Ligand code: C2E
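Only one chain is included here, represented as structure tokens and corresponding to the form predicted on its own.
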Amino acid sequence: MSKSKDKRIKKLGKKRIWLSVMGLVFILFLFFCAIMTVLATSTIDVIQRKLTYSRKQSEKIAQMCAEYEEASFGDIRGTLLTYVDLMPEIEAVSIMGAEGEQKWSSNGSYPDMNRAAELDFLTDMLQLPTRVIIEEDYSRMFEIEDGTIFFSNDILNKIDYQQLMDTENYFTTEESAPVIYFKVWFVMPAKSGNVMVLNQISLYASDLFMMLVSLAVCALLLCVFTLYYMISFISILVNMHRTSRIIYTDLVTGGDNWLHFVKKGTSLLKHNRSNRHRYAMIHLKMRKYRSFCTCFGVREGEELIEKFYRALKKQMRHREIIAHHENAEFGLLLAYTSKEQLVARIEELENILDGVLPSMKLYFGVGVYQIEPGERDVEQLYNNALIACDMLGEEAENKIAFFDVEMNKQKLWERRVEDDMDRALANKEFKVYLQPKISTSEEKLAGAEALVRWIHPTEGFIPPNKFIPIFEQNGFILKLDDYMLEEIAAQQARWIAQGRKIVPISVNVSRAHFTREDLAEHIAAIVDKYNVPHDVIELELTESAFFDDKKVLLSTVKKLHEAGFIVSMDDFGAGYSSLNSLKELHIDVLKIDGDFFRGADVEERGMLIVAEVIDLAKKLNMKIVAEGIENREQVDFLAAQECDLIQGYFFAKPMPIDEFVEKYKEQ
């Protein structure tokens, strides 16, 4: 699978979920900021009000001691102790002299001025008009343990005793225990020292009511948004799972498709680092699947593939996978212990598939690639198995082919041929060779066949069997046939211009040409460019073309005859010859395949068939050409049977045009 395709598939499930995750993180961040703001604002506001209230109470009590004189202090001491007991916020009242000496305390407590530290930022935060001083660590201010804060103030305005008694909330008490408290000394200058009042600042649940309400609202909103995003996440995950199933589901079998096979196979090979398992890549295909669909229908063909998949899926073991590839082809990644065991298992799988349709004999082809340690490219490994299967050919029955280096070399050669063929045609690297056709009566030149040879700039001479089959598969044979026809027409034109006596030269016309209905006009247009008589061009077509589009073939042959071309049937008897083709095709020349003159039964059966074919062709007014003749006995036999022309190594091999002209210049 290509990298770009893999990236697109991965991105399919990532985009939406990451947006949702970022959205949830952002919402949580906003709620965190809101909660911290509410906590800070509410706490500061409550503390500020408590401190302000406590300071006012302390100022009123300290006013009673502002004109402190030790001699007369006894008159108000009892009153101070009473109000200290009555006011729960005030724990102690202490008086210190101008030099810092301890004068008097309601409960024996005095602040330690040597351990005090100034905290200006707390004064600013609480918006108090006094200077704030704290003992020890100021971070303990909000702890349950005692901490001490000092406020130094200017000389206070005097207020009378009645004002002190009438102060609002003067005797306020709380029934419940405080949530948190801390103690504060308020320091107020007196006549001969300082009056200090120790207050316990207590925070009760009722003081934090609005803060708790705000936090509850925030928590409720947070729960709502969190629930929304959780539902969104679940929906996304469900959709991702559904999307994944769609992406990795085969539309024909309903099982895992090829994308899943590549992904899972790569993972299995990657985690097989210790080579605990030996793996083989299998390409298994049903032969003649298209013929099955033609006979029974495409729908029945797909149902058969689905049955094959289910049958194979049941045979998969742990850490083995299977997927439908295309048509009736399957890819399998199997674990094995030995080659013999692997072959036995593949044969068992073939037998299981053969039992899917008991009433019909099915044939399968199997290509196998034994994976080496460290190999992980599933696509390439499967391609190797596919190459091995292709080497079996379409006519093979149930056979198993193992990939080897030679197969790879063959595919590399095919790739090189396809890379070079267009350049070779443009550079005229394809050369015309002529093989003479000799008359049996006079044993003189009576015609020739044009054969192509490839003279490669680096590979040298390349025989036809190394490139013609490749061209027939990829369609380049159409261009090559046109090239050969044009070369022969041009050569005939040169010989006519030189005043030479010319003989008919046959040119092969591939069966691939007969897909076009204007083939006769196309051939005539090429030849007419050189003003060559049509009767000196013989067009050879193979009998296999008769089994393609017969209607187009018959129409084309008729048009070629009307245009004056000679039409011959090449390689008669090479395959599954049909007498019906001789009945319907009005051809001029019949070429008997050379296989009739080779083999153990040549003398007894081969010659008998050749004699009957020659006799039949004569009765149908056809000329006979026997090709592949290699000895005098064959020549004499054909002469006795009144065969018209002989072509073979006995008289001459195919040769370049210059050599052909030199050899037969007298004729």
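Residue positions are given as counts along the sequence shown, with the first one as 1. Just so it is clear, the structure is predicted and the values come from calculations on it, not from any experiment.
The next section is about a form of this same protein that is not shown, the form predicted in complex with the ligand.
Contact with the ligand, judged by heavy atoms within 4.5 Å in the model of the complex, is confined among 504-512, 241-249, 224-232, 275-283 to 504-512. Shown alone here, residue 256 lies farther than 4.5 Å from the ligand in the model of the complex, counting heavy atoms only.
In the model of the complex, at least one heavy atom of residue 484 sits within 4.5 Å of a heavy atom of the ligand. Although the partner is absent here, residue 453 lies within 4.5 Å of the ligand in the model of the complex, judged by heavy atoms.
At least one heavy atom of residue 435 is located within 4.5 Å of the ligand in the model of the complex. Contact annotation for the candidate site: 571, 629 and 647 all lie close to the ligand in the model of the complex (heavy atom within 4.5 Å). Interface residue among 236, 322, 477, 305 relative to the ligand in the model of the complex, by the heavy atom within 4.5 Å criterion: 477.
Of the residues given (420, 540, 350, 588), 540 alone sits with a heavy atom within 4.5 Å of the ligand in the model of the complex.
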